[in-house]
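What follows is one chain in structure tokens, specifically the form predicted on its own.
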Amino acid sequence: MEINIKKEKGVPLVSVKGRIDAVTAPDFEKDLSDLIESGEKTVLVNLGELEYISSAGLRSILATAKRLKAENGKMVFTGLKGPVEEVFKISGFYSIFTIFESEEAALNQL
């Protein structure tokens, strides 16, 4: 798994490439936790290059979202496609999270 974090229009954009599974989920959660601890309240996560997400990955997303909500923040997503999009639909994440068609659409509404 590879995570790149940059700021676009004042919002941290987290791009994830590869797999989020039981091995990599703790790293994903730690990187997002570091963002929250640095004071970020809104995080845009681009999963366009994510190939696979396991239940451990979903759990790390939920844990991070719960932490952001406690800080009056939010976690939104873009770039969903293929198997990862299917997992989001089946797991009900589509009804829990705000999902944008593109980074640009997300950044214009955040």
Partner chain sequence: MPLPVNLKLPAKLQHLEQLIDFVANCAQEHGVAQKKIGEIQVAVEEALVNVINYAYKDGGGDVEVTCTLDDEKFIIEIIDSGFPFDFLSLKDPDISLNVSEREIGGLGIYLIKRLMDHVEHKREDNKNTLTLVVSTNQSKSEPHPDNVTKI
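In this text, all values refer to a predicted model and were calculated from it rather than measured experimentally. Residue numbers count along the first chain shown, from 1.
Below: the form predicted in complex with the partner chain, not depicted.
In the predicted complex, the partner chain sits beyond 4.5 Å of every heavy atom of K17.
Among residues of the shown chain, F100 is not one whose heavy atoms approach the partner chain to within 4.5 Å in the predicted complex. Remark: K30 does not count among the residues lining the partner chain in the predicted complex, judged by a heavy atom distance of 4.5 Å or less. Contact check for S54: a heavy atom falls within 4.5 Å of the partner chain in the predicted complex.
Taking the partner chain as positioned in the predicted complex, the residues of 83-110 that bring a heavy atom within 4.5 Å of it are, in sequence order, P83, E86, V87, I90, S91, G92, F93, I96, F97.
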